[in-house]
Each structure stands twice: as structure tokens, then as C-alpha cells.
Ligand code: CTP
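Take a look at this one chain, the form predicted on its own, written out in C-alpha cells.
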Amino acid sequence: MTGRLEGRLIGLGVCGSIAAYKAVELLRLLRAEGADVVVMLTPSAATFVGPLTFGALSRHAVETDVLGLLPDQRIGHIVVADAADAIVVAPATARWLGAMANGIASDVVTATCLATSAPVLFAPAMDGDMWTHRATRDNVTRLQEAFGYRMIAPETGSLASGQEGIGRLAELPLIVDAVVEAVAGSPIRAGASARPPLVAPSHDPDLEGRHVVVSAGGTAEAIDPVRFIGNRSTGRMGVAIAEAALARGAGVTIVAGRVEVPLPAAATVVRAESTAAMRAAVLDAVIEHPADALVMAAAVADFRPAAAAVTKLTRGEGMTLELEPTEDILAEVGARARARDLAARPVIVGFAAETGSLERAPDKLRRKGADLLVANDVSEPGSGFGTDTNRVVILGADGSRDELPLLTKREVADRLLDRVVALLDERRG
């Protein structure tokens, strides 16, 4: 089921209140609705809940400094301000209300709100007498009437002071509902490349001592020395898998076709732009020098010209090409792998790029002899070639079917490698 905030980026500002601990659960609820969340902390908020907790759950670096830079040298809070679909400040303290109402950018939360044109919501939390003070009420009125900010009103109950009264942070589902309502009907403001980058999750070195071969990019089948038959693959998915495997301790060989993204320096790279060259490279890396796993993420051409011209063809009235099928690399490697004892057999992973339907994927998994098949509909927005995200279904030879939501390609890579590691552990005992 698709979350109500699927594909959205939400900025979560947290101020220095005892209710800051509830922001951790709010982050989880926003993520459960499909949102990508970046957290901003005021200095006092960080004394209640540290950045490490929010960073681990959000998968983003936590913004704590107005002068903080992202790894690509962009100003962190400005990127959040420009890319977020909405910003919610919860808990919002009396101090933040006063600073925000008067445009004083004294912390990263206020600065982000000042710099954004996205909807801003705030959920106050404070002592009852603070909440009812005329200064606080005037600040709230200014934020609502002059700035158009939306308030999720505090509730009555037990307060940190030990008193009973108004000032408790609103119930978290109400805050989530308010965020959903604020973005309803508006387009997503920014794609993954314009957002703060994700921080790769830390993993145990569960591929340490293992060799993983990954094919990446598209193949090019020559028509003549100048022209070729190709496809739209950029290599992003294959590179994401290679980087994830390296982060988990694997030795990685990348068999690279035509790619448009940098290849990780720590990997061994074998260039193979045609299907025939890729077949030779994959068989050498997986069969002749046994590997523990092969992930065939490359978009390999199904056909090539039966005969390539040795000189450039001249322009004419038209051209007719006779095509022949290319080698089925995945099926050949799968057949050779099945000839081995199970304990020595590499895990074979195939990819299936489909359009409109994934109905053919289970049959492809069976025919290719793969252990896992990653299928996606490349006509779906955010799931095709050249994107930073992907929505895939992972099919297993055991009949399993894991339908993943729209994720970054690095997240898809780690989900896939979790399955690969489990199969390797089972086979190797």
C-alpha cells in the first residue's frame, strides 16, 4: 500500500523541549507514510536527543549548524528549504515561536523556515503558563495570520513541570495528518538529486572475504565503426550495487558496459561494451575465477546486426538491418552454476526491465536459472533508466516475492544484498 507521503521530502525541525523525544517517533511515522525526512535540530534540542538517533532513522545527515555544508559543498539548510515539500516544527518551543515571529535566524530550524516557500507547520509544546502568556499568543497569531503557518494546537494533560494543563505536544498522528493535508494536491518540489544526499547505512561486514561480480550499464552493438544499437541504461543501479557490496566488505568486480556515472575506485573494473565482450568477461570472472555472487544489472542487448560494416555507411534513402539474437549471458551462467555442488555454487541475480506489466518476470526467472530476479517497470515515473530511485519486485526461485516501495537505488541495492547474503550463508553453512 502506498503511503500518503510517498515521494515527498519533509523537513522536521526539533526544538529544545522535553517533548523532543516524541520527535523520534514522529520521524518514524512520517517515514512509514513514505516520506523522505531531513531533521533540523536547535542546539538545545540536541541536548535532549542527539543527532545520531535522528540520523540513523532518517538516513540523512542532521542539520544542526546554519553554516553547515553538505558533502558536495551546498549549504545544508538552504537545500532543505528549496527541496522540502513541507516543514513541520515539532516540538516548537516558546523561544522558537518568538524568534520565528520576528524573523531572527538564530538556529538552523528558524533559518530553514525563513528560506523556504514550502508550507510550514508547527506544533507547540511548553509549560501551560508559557503557552497562555500574551507574548506567546501574539507570536502564534503573527505566524498564522501574517506568515500563513499552520498550527497543530497543543493539548491538555500532564506537563513536564508536574502540573496539569494545556501545553502538551499534539498527538503524533494528528501532526502527520496535518502534514498530509498541507501537501495534498501539490506537485513534488524536487527529485532525489536536488535533495540532501542519503547517508549510506552502516552494515556488518557480512560480505567480507567474498567476491561479488556486478555487470552495469548498457551494451552497444556495432552497425558500423560510428553507429551502434544501444539502450537507455546509465549504469546507476549496477554502480549502486557495487558500492553497497564494497561497503559490506566484498571484493567487487564491475563488468562495465556503457555507463554515465563514476565507477567506484575500490572495485576491479573490466570494460565490455558489446554483449559478446560482456559474456566473455562475466564467464571469466564468475566461472573461470569462481565468484560468490553475480548480479547482472547490465541492460544487455537482445539483438545485434548480423554483420557490422567495416566502414561508415553513407546516407541513403533508407537502411535495412538484419538482426540476430545475442548470447543469453544470464541463462548460460545459470546453467553452468547449477552444474556445481550447491555449496560451491554462486548466487545468480538477474534483472528484468519491463514496461506496463511484470507478468513475464516469473517465467524469466525460471528460464534463466537465476536464484533471484529483480523486476521493474521502467515506464513508471521514478523507476526507469537514469533515475536515482527505483521501485522493484524481487522474485526468488523459492517462490518468494518481495515488493519494495519507491526507494533510492542504493536502498534497493542493500535490500537485494540482504537476500544475497542470506542465500550465501545458507549454501556455505
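For clarity, every value in this text was computed on a predicted model and none was experimentally measured. The first residue of the shown sequence is 1; numbering continues from there.
FYI, the form predicted together with the ligand isn't displayed, but the following is about it.
Novice: With the ligand left out of view, choose which of Ile329, Ile152, Ala256, Met100 has a non-hydrogen atom within 4.5 angstroms of it in the predicted complex.
Specialist: If I apply the 4.5 Å criterion carefully, the residue I get is Ile329.
Novice: Of Arg360, Arg366, Arg28, Arg401, which one comes within 4.5 Å of the ligand in the predicted complex, counting heavy atoms only?
Specialist: Of the listed residues, the single hit is Arg360.
Novice: Contact with the ligand in the predicted complex for Gly350, defined as at least one heavy atom pair within 4.5 Å: yes or no?
Specialist: Yes, contact at 4.5 Å.
Novice: Could you tell me if Asp302 has a non-hydrogen atom within 4.5 Å of the ligand in the predicted complex?
Specialist: Result yes; Asp302 sits at the interface with the ligand in the predicted complex.
Novice: Since only the chain is shown here, I'm wondering whether Met296 would be in contact with the ligand in the predicted complex (any heavy atom pair within 4.5 Å).
Specialist: Although the ligand is absent here, Met296 would touch it in the predicted complex, with heavy atoms inside 4.5 Å.
Novice: Sort through 224-232, 352-360, 338-346, 188-196 and report the only stretch with a non-hydrogen atom within 4.5 Å of the ligand in the predicted complex.
Specialist: Looking at the partner contacts, the answer comes out as 352-360.
Novice: If you look in the predicted complex, which residues in 396-423 sit within 4.5 Å of the ligand (heavy atoms)?
Specialist: Nothing in this stretch is in contact.
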